[in-house]
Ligand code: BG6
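Presented below, as structure tokens, is a lone chain in the form predicted alone.
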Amino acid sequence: MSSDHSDALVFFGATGDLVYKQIFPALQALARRGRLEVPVIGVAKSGWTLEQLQARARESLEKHGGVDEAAFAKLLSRLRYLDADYNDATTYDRLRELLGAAAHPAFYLAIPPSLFATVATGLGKSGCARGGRVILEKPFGRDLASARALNASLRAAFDDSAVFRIDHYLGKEPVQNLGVFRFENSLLEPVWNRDHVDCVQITMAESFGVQGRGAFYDGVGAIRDVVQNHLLQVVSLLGMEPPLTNYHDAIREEQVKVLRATRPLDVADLVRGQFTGYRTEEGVAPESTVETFAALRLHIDSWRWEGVPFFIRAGKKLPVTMTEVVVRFKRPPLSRIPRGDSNYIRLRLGPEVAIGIGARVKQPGEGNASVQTELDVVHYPDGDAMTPYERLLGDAMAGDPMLFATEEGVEAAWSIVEPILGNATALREYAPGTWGPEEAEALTEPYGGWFVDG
């Protein structure tokens, strides 16, 4: 696989919801920054014309970020459209003709995962894949076996170095900041280990429900939707060793090592919940046993993290919408403070970005009693910062793999959650607006409970 920049971008699913909400704004942003100087070909089976796709693109931008007329004109000048059936072999022959002299095209699959193998095979047989790259969205399979089957289909058409697996979470500035925060601050490394850290907690809370996506969500659930991918990626960034070099593969290799060192989950390490009223959502089965909440306890069997639990909780209809990491440190020797009131580092990843350091200070008045306080450093992102999809599409076209999941990492993550997929544990009902089932509190109780901001 050449390191040449892609000389064409083909996006399958051109008339779909993901392209409408995310990809057209990202393409306009790339055009504005001068990073989209290639033909852009949309492919879908909708009976549309190019003019209809252009109108769809303008409507998308009007609703999602605004139209930059100069950049939009550049995008339109490069935009092409192929109305065709993904299951028809002649589709890929027509696409090869439309690509013309392009020798290193990038193919972005904004389509249902069930079609990934079909499109990859079509691209391979037609010769379109030769010299090209493929970019695909998670989920990468539904379990370990299907992930391996998908990887085999991709390898049959593309070199492994030409496969870019998008987990858009890795394109977010706050998530990228985890690595910078860890390795660019020398005060952290001496204490970032089992000798000083008591536990690590990761929370991904959403105050809303399935938002009209009941049919999709009911086939996925919280573990497949965000734990196996987004949140295990966060675990790998928090737990990885310093990479030996700045080469992209070195960073990704260290992340994979963390996932491989993480024990497969046991049912004793899991609490599943479903919010009251979920089964009445449109598209949801009346007797659904899919979880809308999951709390887990992970164990990383490495020299650095032996004995330090990593706790994850993720769910819908919780009190707030936020994603946050809290690293709690052990109490000082002879200290009588409660276990959950020791020092901590809090990393808020969204919706706002914040870093807080929890410390003990003397309580005013007589005696030497201490109280917990937090030293806040809040960062508001630059308004011109790249969106995750702008960054990821641009990086994939440039051949930069650093922010993309590897085959080994995907399979290692599935290996961790494989034992708890499906109805491995009882489903606990919880009221909307609460922090999930009461049983989830027992996971962290020995460590002072779940961290609550404020």
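Keep in mind that what you see is a predicted model, and the values were worked out from it rather than measured. The first residue of the shown sequence is 1; numbering continues from there.
Missing here is the form predicted together with 6-O-phosphono-beta-D-glucopyranose (BG6); even so, the following discussion is about that form.
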Within a 4.5 Å heavy atom cut-off, is Lys172 in contact with 6-O-phosphono-beta-D-glucopyranose (BG6) in the predicted complex?
yes
Would Arg165 count as touching 6-O-phosphono-beta-D-glucopyranose (BG6) in the predicted complex under a 4.5 Å heavy atom rule?
no
Against 6-O-phosphono-beta-D-glucopyranose (BG6) in the predicted complex, would Lys138 count as a contact residue? Criterion: heavy atoms within 4.5 Å.
yes
6-O-phosphono-beta-D-glucopyranose (BG6) contact in the predicted complex: Met204, any heavy atom under 4.5 Å:
yes
Among 219-227, 232-240, 334-342, 298-306, which stretch has residues with heavy atoms no more than 4.5 Å from 6-O-phosphono-beta-D-glucopyranose (BG6) in the predicted complex?
219-227
4.5 Å heavy atom contact with 6-O-phosphono-beta-D-glucopyranose (BG6) in the predicted complex for all of Phe208, Arg213 and Lys316
yes
